[in-house]
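Single chain ahead, by itself, as structure tokens, in the form predicted alone.
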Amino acid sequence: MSLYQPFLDYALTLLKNRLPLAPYPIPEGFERKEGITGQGKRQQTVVTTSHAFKSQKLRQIRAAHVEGGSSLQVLNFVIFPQLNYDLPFFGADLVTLPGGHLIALDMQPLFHNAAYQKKYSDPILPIFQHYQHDLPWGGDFPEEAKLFFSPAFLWSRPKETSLLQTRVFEAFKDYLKAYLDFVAEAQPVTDEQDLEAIAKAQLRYIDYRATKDPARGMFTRLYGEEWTEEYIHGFLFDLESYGNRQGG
């Protein structure tokens, strides 16, 4: 049973139709990883696969897909813009655990000023509002995390699995299509101060996400601490190592 494979298939097909994609390097040992969870009759193989691409305006388009039976299904799909564009990040966390479903969709902002919100958040508020009834607010969120989300942050805990295949999938499609519309319109930034601000904002986001990655515990139990830390810092949130590979 793969709840989120259709989401991944849709995203990769749409991206390939909209953009000239090139492969993005996935470090050795991260493309596919298997582990075991549970004991006895509850023992379950868990498979994590990684996918990554890039394009002219997008530094890294990447997905981590975890499949471990009906009570462990995760798709973490994130798009990181090139550092000379002021585009937000696209982020989708689709999580099914024994306790239920957690859904997070957003275009995570680099900045929180009025001009940036008008450019990137206000246009997608109607999409957010369209899904609020069926996907209501999922409850408390860490105060420190609020800096990294937009007013159109769709955060929900759907009770029915059927909602994943219907309203959640539709919301995922709408957010991704709107994001690619922003990408199509985006113009490169040339001002040195603006470029410096973008780099700082991206690094702040990457550092926060890498430090607070909620999948760290799950991956550590499955694959060990060393693999997990290398996966988080060397692939999922790799901007610092990417900068080192580029020579700065």
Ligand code: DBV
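Heads up: residue numbers just count along the shown sequence, starting at 1. All values derive from a computational prediction rather than experimental measurement.
The same protein also exists as the form predicted together with the ligand; that form is not shown, yet it is the one meant from here on.
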Checklist entry - Might L97 be said to contact the ligand in the predicted complex, defining contact as any heavy atom within 4.5 Å? => result yes
Item to check | S150 within 4.5 Å of the ligand in the predicted complex, heavy atoms | outcome: no
Checklist entry - Hey, in the predicted complex, is F111 touching the ligand, heavy atoms inside 4.5 Å? => result no
Checklist entry - Heavy atom to heavy atom, is D93 within 4.5 Å of the ligand in the predicted complex? => result yes
Checklist entry - Just one of H51, R59, K33, R209 has a heavy atom within 4.5 Å of the ligand in the predicted complex. Which one? => result R209
Checklist entry - Which residue among L163, I127, A178, L102 has a heavy atom within 4.5 angstroms of the ligand in the predicted complex? => result L102
Item to check | 4.5 Å heavy atom contact with the ligand in the predicted complex for all of A64, N76 and D213 | outcome: yes
Checklist outcome for this item: Within 4.5 Å of the ligand in the predicted complex by heavy atoms, the stretch out of 179-187, 193-201, 25-33, 214-222 is 214-222
Next on the checklist: Suppose contact means any heavy atom within 4.5 Å; which members of 132-151 contact the ligand in the predicted complex?
Outcome noted: F141, P142, F149
